[in-house]
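Included below are structure tokens for two forms of one protein chain, each presented in isolation as structure 1 and structure 2.
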Structure 1
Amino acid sequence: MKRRKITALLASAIMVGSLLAGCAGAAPAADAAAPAADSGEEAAASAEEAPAAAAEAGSNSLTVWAWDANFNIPALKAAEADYKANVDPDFTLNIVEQSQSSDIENAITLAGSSGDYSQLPDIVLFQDHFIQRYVADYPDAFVDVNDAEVDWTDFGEEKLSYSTIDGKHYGFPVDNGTCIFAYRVDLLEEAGYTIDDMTDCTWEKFIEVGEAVYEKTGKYLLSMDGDGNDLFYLMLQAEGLSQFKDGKPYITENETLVQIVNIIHEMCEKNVCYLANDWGDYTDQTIIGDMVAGVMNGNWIIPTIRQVAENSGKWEITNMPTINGGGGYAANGGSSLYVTGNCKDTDLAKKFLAATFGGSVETYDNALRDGGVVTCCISAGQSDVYNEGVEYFNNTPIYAQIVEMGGHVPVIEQNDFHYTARQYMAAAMININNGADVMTELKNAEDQLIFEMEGAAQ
């Protein structure tokens, strides 16, 4: 009995003690506030110290969010090293890796919805196709960089068209999304063709070659992610057209697009093109799994192609086929760096970006070497590194080739609903391949797209 009492006493003593400790923790803070009020200087000093931890960016460091450890992040590291070596040796760039581009989009959405931008970094990497709508919807999330000391005319016009909003520059282009068509030269040869047959060819000729290649080697001449199908966009851009016209979907009345849908359908039927279930299947199963004799996509797909070491030296690149022949050029899915509304030191951010991605040969050379990031800065693309032959691609100077092709990419009408359109067109294509009527499916896709665009406009 007695022991129990003692235990209870002890327990309550501990509880009281911890309560007191809790108070004690809070007390000095209150105490500290009182004298601070007396001497204004002290208060200011401590107030300045407190946020300094969160915003070390004040002096000479910047925080950037980016994705893709094999591509964009080496480019950012190259830029940091360049700036350190040539401008400010004390500069640090704090690169925070995100698992995918949508992480950054969601962060902006959340910040914009709550009106609290304080969690955003100084600079973000952002997908080109999304930026226009994000700037329109969350105008406080980004600041324009129009007054940065950059020769904007030195960049590819098509690339800049994404990050220029209401005539103001918002972004610094990082990579160059120019589309390449890479072919396995050895497999083409087996089927009796060469890379020169593919250059400037028509889709009709392409299908003929594709059938021969599949028959001889069992490999598809083209593959794409069937769920996020970029073929329509790329093939249409190569014709100089878009899925949008005057801000409205341009699908069922777009004869060229209908023709393209029919070509894709024919390619799928004849085992020329393989539509994978999703992006992972597209890269891992079709490209790394060595199912294809050709890859067509933005040149950022090159690191994926190169993962199959035993095919080194068997690939070469050229331009895309078109409906009437004569070389097609398109671009797909690049990104740019944007200064956020939460940036602590916009001048430093602009200075850093201008001195690196604004046209520094050193940055772009190392970005290419370490990450395979091809610039769309015309003068930087003429350096020696770009003109070196690449062993994997049969010692051809593919990077110079890509920069050259980038100059031919037509500027087409862009729309904030690019990815929405892609989603519905991809769904239509799957249904068409499963036997549905082409025009009905395209009408469905168009209706759904219009429905969604109206919803956002309300």
Structure 2
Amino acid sequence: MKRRKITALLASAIMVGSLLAGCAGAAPAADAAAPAADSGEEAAASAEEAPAAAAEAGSNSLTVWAWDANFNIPALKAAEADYKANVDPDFTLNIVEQSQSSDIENAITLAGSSGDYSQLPDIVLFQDHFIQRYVADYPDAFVDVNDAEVDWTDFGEEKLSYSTIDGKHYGFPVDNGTCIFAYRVDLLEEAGYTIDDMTDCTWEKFIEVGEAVYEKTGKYLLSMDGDGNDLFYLMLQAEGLSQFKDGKPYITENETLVQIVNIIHEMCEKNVCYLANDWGDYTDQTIIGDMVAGVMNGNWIIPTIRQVAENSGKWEITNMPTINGGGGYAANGGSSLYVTGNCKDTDLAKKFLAATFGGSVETYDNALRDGGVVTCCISAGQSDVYNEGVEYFNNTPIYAQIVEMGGHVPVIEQNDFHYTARQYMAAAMININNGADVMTELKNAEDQLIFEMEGAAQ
């Protein structure tokens, strides 16, 4: 088992907290987290009695660990209600809430390190960005679900690329991390533009509009957490590229990434983009504080946008700009449900997950209503509920739009050091905006990333 790799991964995960964990617009956890082993012991201990309780309840019950009482938990409750109503009225889903995603990651690390998986539940919710490393290092912790009765072609390829390992399906997608670009259409109009001008546009056109919006309204057309900067990843994915190539950092020789860094720098210089100091500044100051006329991130940012009640009806969404235009698509965050090696009834687990998150309109309709979880299942996203106009977004059917856009997100190379790359790229961008040389800073970021990856491999 490659325990040193997982230790490095957890260090990175704890450092960034749960930025993408719930994907419901929640702020990251504080950096001052407990050591990985201790966190894992606490997570295992907090749920130690749940599997035993489930076993006593009978063969028509399952236990799942998940986080986020306002997002993932309502989705699981919707699935339980759906299954009880349409498959087995005596079924019970025992939901054990964890404080954040790293609780589950650490508990699996502890179990894998000791070779004792007996304290794991039947099912776990797990972050997409980390699952492949965990399955590789702790294969006994998970069971493949390749034989589940699911039409896997009904899900976007990008979403499935995380949970498909060595040609086998391991996870049932839950939340859709598809990126939206939301615009204040009233402010665009004040500057002489419409949402149509922003659809399929180039970054050059975006900067032109952004300068006009700032001149007319004093608001930025884009903001991002400068400390945990996702712009590089999102903009690069929209071009069909990654910050990694063949398992290695792909930064200084990545001409498109260098171009993107220069575009971000130009946007910051021209008051088109505001890089916030941290996550709280990004959400509270720029979005809730009404500093921006545009927001680009995973669609889980929608609840944050909607906190400004007086702006209801003034927003609409579209796709991302790209360097050459034509429509850009990306995804940021997300998670899936996995059956563990300790599951007492894998057939029941697969049947339950297939009948609900495998494509049930009822599960996904209620998950959207109750928690804001947007389906990754293309057919479920065509329901009447998804096609309802959303008042806050000018009565447009944004959730159907999001599912449709999700089908266009390109599959790119992923890496367990995703968040580490983000850390070094964010620092490089701050230095570049303060006058440092672009290529020097990118070389520093690349060297630091290589050093950390090689150290973890030893």
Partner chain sequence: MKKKGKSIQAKQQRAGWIYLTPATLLIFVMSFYPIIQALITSFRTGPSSRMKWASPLTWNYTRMFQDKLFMRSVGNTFLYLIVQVPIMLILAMILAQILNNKDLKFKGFFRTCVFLPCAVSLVSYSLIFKSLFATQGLMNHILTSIGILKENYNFLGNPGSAKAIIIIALLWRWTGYNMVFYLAGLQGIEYSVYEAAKIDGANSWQTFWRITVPLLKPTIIMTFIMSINGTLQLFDESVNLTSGGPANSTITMSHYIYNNSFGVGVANFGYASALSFFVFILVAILAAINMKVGDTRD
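None of the values given here were measured: they were computed from a predicted structure. Sequence positions of structure 1, starting at 1, serve as the residue numbers. Under this definition, the rigid core comprises the largest set of C-alpha atoms superposing within 1.5 Å between the forms.
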Matching the form predicted on its own against both blocks gives structure 2
Superposing on the rigid core, is the Cα displacement of residue 289 between structure 1 and structure 2 2 Å or more?
no
Superposed on the rigid core, does the Cα of residue 240 end up 2 angstroms or more away between structure 1 and structure 2?
no
Look at the chain as two rigid parts and give the angle between structure 1 and structure 2 through which the smaller one rotates, in °.
11
Distance the CA of residue 87 travels between structure 1 and structure 2 [rigid core superposed, Å]
3.7
